[in-house]
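Included below are structure tokens for two forms of one protein chain, each presented in isolation as structure 1 and structure 2.
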Structure 1
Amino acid sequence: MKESKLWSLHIFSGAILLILLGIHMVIMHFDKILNLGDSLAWKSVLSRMQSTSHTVIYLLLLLFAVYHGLYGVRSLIFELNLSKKGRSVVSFIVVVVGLVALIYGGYAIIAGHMAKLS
């Protein structure tokens, strides 16, 4: 039962990633077509990061990408027919790596949101 819930979350996170990556692609790579200005200019980057909606989108993108990616890696490693202890060790490592990635990435996103325009 637990694995089916984790798998369902994996599928759900993939669907959410498609939506969030679509938003990201439009903003970052169709800037010239949609006349949004230069998306890589420093002022544009800072103004995007200070926008609450962009900050929330980036935090959600981070959360779903870390879960989706690490669950996928965990599933691939589990196909090696590990022992129960081996599976526990792999799960623990995946959780630790995921938490570190979330803390580091979240810090970077929040720091960008709090940065002062100069």
Structure 2
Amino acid sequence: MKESKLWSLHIFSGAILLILLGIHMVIMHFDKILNLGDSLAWKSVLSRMQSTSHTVIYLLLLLFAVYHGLYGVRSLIFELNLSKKGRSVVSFIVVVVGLVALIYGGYAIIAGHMAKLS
């Protein structure tokens, strides 16, 4: 994919994250002020895990956050005047880390949603 498209995706993912991460931060870090109950208590975790809307939000959050973050790291490393081969190696590592994060995170979100926990 062209660099300009990757950059546009970085901007787009940033804009989406403003909304999704905003929701996540409010639920997790303003729980006492908004009287939502302890967000880290098992009961709350289980209720979010079993909710379809939360599962979708978490999957999208994972996808956009991993892309946005790893593209940012890649851009930063690319500034060190790497050779073409060096850039390919960095890109490869970033893609592998991204895939592992997506597979592991995606598995945890979907398996958590499907599991019959109580």
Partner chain sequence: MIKNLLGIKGWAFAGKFSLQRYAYILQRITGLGIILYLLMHLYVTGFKIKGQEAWNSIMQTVHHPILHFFEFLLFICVIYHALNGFRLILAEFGIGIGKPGRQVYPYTTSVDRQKGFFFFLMFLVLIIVLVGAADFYLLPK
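So that the term is clear: the rigid core is the largest set of C-alpha atoms that superpose within 1.5 Å between two forms. In this text the structure is predicted, and so the values were computed from the model without any measurement. Counting starts at 1 and follows the sequence of structure 1.
Where is the form predicted alone shown, in structure 1 or in structure 2?
Form predicted alone: structure 1.
Given a superposition on the rigid core, I'd like a yes or no on whether residue 41 shifts its C-alpha by 2 Å or more between the two structures.
It does shift by 2 Å or more.
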